[in-house]
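Only one chain comes next, encoded as structure tokens, the form predicted alone.
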């Protein structure tokens, strides 16, 4: 996959404080890229360098092959930046706000008017076209700010804590909007220290702590690297005793637990009358072996209503690779 962002030993110092420590980061084109870290980890500093708002102390950063220090004007046309603080101008209407930034980017008048209408509809603010920006709710302002980042049709959107302060409904709407933007061909870099905001939409992540990159890549790939085995969930509606016997004797089943079972608890034999039963299997096999295990259960007349690998989440990854240093 082609990289749209590449950094090489990117470093930034504030006096004696090392905010970025030789950061080597790659963002593939078309990804929703979660940039994760605690407050003060260096997320905003990285984003400001990529958007040419802050010069690096050392190292290099490129957007679509263009150096952020060598040709900052070209980079600004490639990038749309949404900072963590929404700044507006008093007494501007929604369409005027977008028009202002369209003019700043040199978008021709006919195209600018078309873009304003399309973007307001995209972020579901068409009905607020003539409303003063200051009268909008926080969630609407966030969506308007996102529309503003796209006025010049950039290839890369960089969003710094975009869901901060939003209510649950607004967060869901923002998440769905970002997925739609990815479907339109945009690459999205989004920072957060709230993992639940990113868990359901990111295709790739990078974890940063104290200016250092700790892990980066596809979410499931990273999860696989820190979790040696698969956890398979099996819900049995009939034949529970046979299922447990088969699983305990299987060479690739390392551990078998029942849902709610405590460590050291003596487990009584399973019976169908008290079911269905959810079994958690620590499984050492690959995808093919999982298929063979399911086939073996069915062949033993075990009725299975659910058989799936337990999905890991970003909290597992974050807790595994970070040390809590700010």
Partner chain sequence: MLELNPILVKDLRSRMRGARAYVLLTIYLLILSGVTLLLYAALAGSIGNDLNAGRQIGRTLFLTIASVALVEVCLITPVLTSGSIAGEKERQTYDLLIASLLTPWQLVWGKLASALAFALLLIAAVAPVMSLAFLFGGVSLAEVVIAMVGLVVTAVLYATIGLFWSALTRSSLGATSFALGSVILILLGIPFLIVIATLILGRDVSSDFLEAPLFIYLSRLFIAAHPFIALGVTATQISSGENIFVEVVEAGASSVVVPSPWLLYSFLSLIFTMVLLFFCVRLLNPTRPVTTEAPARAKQTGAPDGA
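All values derive from a computational prediction rather than experimental measurement. Residue numbers count along the first chain shown, from 1.
This protein has a second form, the form predicted in complex with its partner chain, left out of what is shown; the following refers to that one.
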item: Single option in 186, 230, 112, 175 placed near its partner chain in the predicted complex, where near means a heavy atom within 4.5 Å; value: 112
item: Among the candidates 128, 250, 182, 148, the residue which, in the predicted complex, approaches its partner chain to within 4.5 Å (heavy atoms); value: 148
item: Whether 57, 101 and 107 all lie within 4.5 angstroms of its partner chain in the predicted complex by heavy atom; value: yes
item: Partner contact for residue 210 in the predicted complex: its partner chain, 4.5 angstroms, heavy atom; value: no
item: Residue 76, heavy atom within 4.5 angstroms of its partner chain in the predicted complex; value: yes
item: Residue 87, heavy atom within 4.5 angstroms of its partner chain in the predicted complex; value: yes
item: Close approach of residue 48 to its partner chain in the predicted complex, 4.5 Å, heavy atom; value: yes
item: Interface stretch in the predicted complex with its partner chain - options 135 to 143, 68 to 76, 160 to 168, 241 to 249, non-hydrogen atom within 4.5 Å; value: 68 to 76
